[in-house]
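Taking the form predicted on its own, here's one chain by itself in structure tokens.
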């Protein structure tokens, strides 16, 4: 069966062959469930090698689960979480963070998906006042929902400010691999080493079939999180299948190869459409997302040929995402179709 290729999301991409092979390789015999298997033990050691010996990692099913559990581990229901207005936890998780954690989200307006210390300061008041939700967590996304990337200095500045007030810094790293290769740094440098307390580490958007990881900067932060994971219905019984995928992703720099290719394809797509009359890029292309304004009447017919999502219907802004399996042929065909429909 063949599926229409497009630029809707890196979630729509296939599973990387090496990841699929890793799943097949553990698909024999019996193994202790819920993480007691040897594959999970090996993969958790690999995470310590990647993020630091003091870190603690738990595997979950999906990104929403990772974000919700991270927030629950850091905050009580009377606390608040500061984030960008475009943050996935604020826009695309159906209210799960607020419903499940009980925490109030405090969004900051942003044109590029990134928040700053100045923006955070707006909510840094009311401490000790029982009528106000108490700020406890600041959440940033790397790469952001608009495809932009925080520099290491920007993350460190936010982390230092947050920590000076006794708050925690959470990072939604659904596309952290794309950010790391763009910054030419390691996964740990753009997260834990920059001051992030808890990282939601994405795998699905970078070639996995399913599974995300939550990386805690230290064991103290993760003290009771295994109970939260179970209560949040994110504990996978046959965990070897999740672990095997992450083992493949972190081995032989597969995460880097996949992200480098996805980013390169986004740059190519942006380059190809930039000079076309009727197409206006709205964000710097720093990772694997291209945001553009195109004529409204063009969107639906173009979606029928290459599916993608509308980002902002009011101003006819669309989002084109690339992935590890996007090809130059895909881009050439899309650009040719785009040009023909603009005539």
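Here the structure is a predicted model, which means the values were calculated and not measured. Residue numbers count along the first chain shown, from 1.
What comes next is about the form predicted together with a further copy of the same chain, which is not displayed.
Against a further copy of the same chain in the predicted bound form, the set 91, 95 and 237 is in full contact: each member has a heavy atom within 4.5 Å. Remark: residue 109 counts among the residues lining a further copy of the same chain in the predicted bound form, judged by a heavy atom distance of 4.5 Å or less.
a further copy of the same chain in the predicted bound form comes within 4.5 Å of no heavy atom belonging to residue 304. Contact annotation: residue 232 falls within 4.5 Å of a further copy of the same chain in the predicted bound form, judged by heavy atom distances.
Using a 4.5 Å cutoff between non-hydrogen atoms, residue 32 counts as a contact of a further copy of the same chain in the predicted bound form.
This chain is displayed without a further copy of the same chain, yet in the predicted bound form the stretch 24-32 from 294-302, 43-51, 279-287, 24-32 comes within 4.5 Å of it by heavy atoms. Though a further copy of the same chain is absent from this view, in the predicted bound form it lies within 4.5 Å of a heavy atom of just one residue from 185, 209, 254, 264, which is 209. Put simply, of 228, 137, 140, 214 only one has a heavy atom within 4.5 Å of a further copy of the same chain in the predicted bound form, and it is 228.
Residues of 319-336 that come within 4.5 Å of a further copy of the same chain in the predicted bound form, judged by any heavy atom, are 323, 325 in sequence order.
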